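Single chain ahead, by itself, as structure tokens, in the form predicted on its own.
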């Protein structure tokens, strides 16, 4: 199974301009900050969830649903301690759960999951090459945009390498599951060393490949595909901005 999030579908989001998708991604992070109660942020969460289904990101959502649940639960637990309220809801030993604290923790949990949904939509519908193109069109130097997108390229490779090394070491009799936490950490030393060695080897090969192709010479770079602004870009940005405007009006008016 591929560890990359991008899945070519030819759908609405994939055919949008990468610049519009980057701007839309940044704008999508803003509306949840206008919500202080669950009822205010839930409609926006539903909008993003529907957009994720439209982008055919269901497979990626299945991959990150545990993270989303963890963020939601940890938000409730932490804000129950650190957010002060006035209305006692229940008592758990020495801990008094306040109604305001619980509602605020739920709001923050939904807000964090909104960020995850927006990122999943972007990663599902945007190839790494389009990501680099969008960053360059926004005025970011190519070297910087290439370094940013390189993380998306290499992270799946490192994970796949680690998984292959784990299977190889288990085939040789290495027991990674028995013992306490400290014992398990010591067992992972034979895995960390080859992963680091593989990473250094890949970095050296990448440096040689980039130098052979004239990376950093300062010449104007050509691109494989040029993107135009179409009706999809106007619809995408209009929906995100309208959602933010409605939430801001509800919050301040």
Partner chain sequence: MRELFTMWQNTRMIVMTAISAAAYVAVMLPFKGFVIIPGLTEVRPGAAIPVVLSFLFGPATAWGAGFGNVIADALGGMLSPGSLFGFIGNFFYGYLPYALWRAFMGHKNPVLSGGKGWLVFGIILVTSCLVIGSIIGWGVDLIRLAPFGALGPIIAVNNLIASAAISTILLALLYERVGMWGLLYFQILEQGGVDEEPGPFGRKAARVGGILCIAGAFIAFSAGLIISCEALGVGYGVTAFASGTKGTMAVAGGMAPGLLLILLGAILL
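Rigid core here is just the name for the largest C-alpha set that superposes within 1.5 Å across the two forms. Positions refer to the first chain, counted from 1. This is a predicted model, so every value here is computed, not measured.
Missing here is the form predicted in complex with its partner chain; even so, the following discussion is about that form.
Proximity to its partner chain in the predicted complex holds for all of 29, 199 and 206, with the criterion being a heavy atom within 4.5 Å.
Residue in contact with its partner chain in the predicted complex (any heavy atom within 4.5 Å), chosen from 96, 174, 119, 73: 119. In summary, among the residues 228, 66, 213, 186, the only one with a non-hydrogen atom within 4.5 Å of its partner chain in the predicted complex is 186. Within 4.5 Å of any heavy atom of its partner chain in the predicted complex lies no heavy atom of residue 127.
Although the partner is absent here, residue 87 sits far enough away that none of its heavy atoms falls within 4.5 Å of its partner chain in the predicted complex. Not displayed here, its partner chain is kept clear of residue 134 by more than 4.5 Å at the level of heavy atoms in the predicted complex. Of the heavy atoms in residue 33, some are within 4.5 Å of its partner chain in the predicted complex. Taking its partner chain as positioned in the predicted complex, the residues of 134-150 that bring a heavy atom within 4.5 Å of it are, in sequence order, 143, 144, 146, 147, 148, 150. Relative to the superposed core, residue 101 shifts its CA atom by less than 2 Å between the shown form and the other one. A displacement of less than 2 angstroms separates the C-alpha positions of residue 138 between the shown form and the other one, with the rigid core held in common. The rigid-core alignment places the CA of residue 52 less than 2 Å apart between the shown form and the other one.
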